[in-house]
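Only one chain is included here, represented as structure tokens and corresponding to the form predicted on its own.
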Amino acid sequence: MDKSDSLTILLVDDDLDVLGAIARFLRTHDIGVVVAESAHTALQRLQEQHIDAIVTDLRMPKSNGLQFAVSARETRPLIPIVFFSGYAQVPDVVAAMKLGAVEFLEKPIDPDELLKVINRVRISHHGTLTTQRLAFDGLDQGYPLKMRVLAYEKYLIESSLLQHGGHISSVLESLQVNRRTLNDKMSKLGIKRDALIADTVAGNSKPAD
């Protein structure tokens, strides 16, 4: 597998036997795996390490998979999420899909089916995952984590604005955030939609050297 296609999965499950078995299986197929046995630990892993996608149990003590996904999207709004559960009800599946779930799998997980889902994530997000990771790494590791996260958020919002031509409704859908949150983040990060679009148009209209 080409290094540029490498994928690191955050695997979240309070069942340590399941956690270990799935992690070992994925690693034998050249997929990087970071494990977490709780939502709290998973959020720490997400802040501290490079994660390209999340595979999480829906039912966990203290904070379930849906609550974890909501928190995860506050810092990684575009990250692909795969849910799995042995006790899911229809409302759970609907809620997961509203959070932008890539897939919803039933327990016990079929390892080959999970591998297929992860490979679909790799293909559908090829390039995007790499550029998001590079954006996060744009600042030297010596900079505070909070500063690097803010730089990452700014990159995601500006990229989405450019991708959708400044259309806010499309940006909201893409980033899976509400309008108030987006406005607050743009104000905090100094992002001006009209100026960003105008600068890009001006740059594209310049004759080549």
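What you are looking at is a predicted structure, and each value in this text was computed from that prediction instead of being measured. Here, rigid core means the biggest group of C-alpha atoms that superpose within 1.5 Å across both forms. One-based numbering along the sequence shown.
There is another form of the same protein, the form predicted together with the DNA; it is not shown, and what comes next is about it.
**Student:** Counting non-hydrogen atoms within 4.5 angstroms of the DNA in the predicted complex, say which of Asn64, Gln47, Asn183, Thr41 makes the cut.
**Tutor:** The residue from Asn64, Gln47, Asn183, Thr41 that makes the contact is Asn183.
**Student:** Taking the DNA in the predicted complex as the reference, which of Ile168, Val35, Val70, Leu162 has a non-hydrogen atom within 4.5 Å?
**Tutor:** Contact residue from the list: Ile168.
**Student:** Just to confirm, Asn178 within 4.5 Å of the DNA in the predicted complex by heavy atoms?
**Tutor:** Asn178: contacts the DNA in the predicted complex.
**Student:** Although the partner isn't part of this model, could you tell me whether Arg24 comes within 4.5 Å of the DNA in the predicted complex, counting any heavy atom of the residue?
**Tutor:** Although the DNA is absent here, Arg24 would stay clear of it in the predicted complex, with no heavy atoms inside 4.5 Å.
**Student:** With a threshold of 2 Å on the C-alpha, tell me if Leu189 counts as moved between the shown form and the other one once the core is superposed.
**Tutor:** Leu189 C-alpha, core-superposed: shift of 2 Å or more.
**Student:** Once you line up the core, how about Gly32: does its CA shift reach 2 Å between the shown form and the other one?
**Tutor:** No, because once the rigid core is superposed, the C-alpha of Gly32 moves less than 2 Å between the shown form and the other one.
**Student:** Report the direction of the Cα distance change between Leu189 and Asp52 in the predicted complex, compared with the displayed form, as closer or farther; the change is 3 Å or more.
**Tutor:** So the answer is closer.
**Student:** Pin down for me whether the Ser169-Gln47 Cα distance shrinks or grows in the predicted complex relative to this form (closer or farther, change of 3 Å or more).
**Tutor:** Those two alpha carbons end up farther apart in the predicted complex.
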